[in-house]
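First, one chain by itself in structure tokens, the form predicted on its own.
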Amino acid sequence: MSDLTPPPGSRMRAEIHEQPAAVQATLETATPAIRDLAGRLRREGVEYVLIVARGTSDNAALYGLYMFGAVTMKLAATAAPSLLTCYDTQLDLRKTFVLGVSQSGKATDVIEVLHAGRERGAITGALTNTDDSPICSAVQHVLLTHAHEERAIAATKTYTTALVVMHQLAALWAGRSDIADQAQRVPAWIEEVLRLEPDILDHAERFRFMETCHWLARGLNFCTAKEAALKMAECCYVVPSSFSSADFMHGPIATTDFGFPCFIVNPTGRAYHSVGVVVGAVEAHGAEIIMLSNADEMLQRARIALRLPAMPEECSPMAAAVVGQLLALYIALEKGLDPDQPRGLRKVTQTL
């Protein structure tokens, strides 16, 4: 058993553990604004969703893309900000909801896209953790994550609370109270995941010298693969790749050989069986499988099995993200790095 422990006052670890309370506060406090926006989107017959974000917020946007598409049945896409900020493309955004996601609310190009969207006839919204930030004055509707200040450079609680807000907005827009009610159990599911911490600590030593890896998932959890890979790049200085498991079979699987670390996110749900096919292909290449799942048949095929709670697929990215955060934290510490202050990064990145 490893004797590795976080340094006293580790901000990243503290904020990982604050997530159940942050999600609960978000559900209790943000719901009126979410209901108000959902009602307007229904009344005005909005048909399209365009989400603009960067970094961790871009991975949250990817979750939104799947949630809005699957639950509201609206065409959703993530924006290419350069189309509006560099190329001045005159898009017709009537009947479109443009949502900017920025934990700090200071992402310059995200704000520019929101201004342009409003000028082109869109309903605009901001999903942020900071109620006095510039993004709030750029939009008609503000959705706050209520995660309180996040001091570690690597985003944790602002990510999971952003997912909760988009989950609720999609469900309430669609009039699906059954899906909206699922989120009430998310704090308890995250608490359950946090109990994996000793196991993750024990496995961290195995990855001390890891320089690269793959993160694989599909559908609603594709955002989990991308966010976990980003956390490892930020905190552990590895060079991870994140793939949709479907795309992985179209070439990238050639990079996988004996002992290569493959982190696979595959809870039960619509994407479960298709990801399972890819697990078989990865096994055939002799890769080392680290499995995040609630299904025994998946966990039994892994060298390292990290059990997720049994939960609806729509909520699983909120819990699975926490596993990725803990892996990044403890692998960074095993490498002798400070995950609170990754080199070359700042809390707010402004892109022109």
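Just so it is clear, the structure is predicted and the values come from calculations on it, not from any experiment. Each residue number is its position in the shown sequence, starting from 1.
Unshown form predicted in complex with another copy of the chain; subsequent notes refer to it.
| another copy of the chain: the contacting residue among Leu50, Cys315, Ala287, Met298 in the predicted bound form [heavy atom, 4.5 Å] | Selected option: Leu50.
| request: Have a look at Leu194, Ala246, Cys136, Ala188 for me and say which one sits with a heavy atom within 4.5 Å of another copy of the chain in the predicted bound form. | output: Partner contact (heavy atom, 4.5 Å) among the options: Ala246.
| Going by heavy atoms within 4.5 Å, which of 171-179, 249-257, 196-204, 155-163 lines up against another copy of the chain in the predicted bound form? | Result of the contact check: 249-257.
| query | Should Ile123 be counted as a contact of another copy of the chain in the predicted bound form, where contact means heavy atoms within 4.5 Å? | reply | It does not: once another copy of the chain is placed as it appears in the predicted bound form, Ile123 has no heavy atom within 4.5 Å of it.
| task | May I ask you to state whether Glu149 is within 4.5 Å of another copy of the chain in the predicted bound form, using heavy atom distances? | result | Looking in the predicted bound form, residue contacts with another copy of the chain do not include Glu149, since no heavy atom lies within 4.5 Å.
| Is Ile304 close enough to touch another copy of the chain in the predicted bound form, meaning at least one heavy atom pair within 4.5 Å? | Outside the cut-off, so no.
| task | Report whether the minimum heavy atom distance between Pro240 and another copy of the chain in the predicted bound form is within 4.5 Å. | result | Because a heavy atom of Pro240 falls inside 4.5 Å of another copy of the chain in the predicted bound form, the answer is yes.
| query | Thinking of Leu75, Arg94 and Gly219 as the candidate spot, does another copy of the chain come within 4.5 Å of a heavy atom on all of them in the predicted bound form? | reply | The answer is yes: all three residues contact the partner (heavy atom, 4.5 Å cut-off).
| task | Give, in sequence order, every residue of 202-216 that has a heavy atom within 4.5 Å of another copy of the chain in the predicted bound form, or say none if there are no such residues. | result | Going through 202-216 in order - heavy atoms within 4.5 Å of another copy of the chain in the predicted bound form - the hits are Glu211, Thr212, His214.
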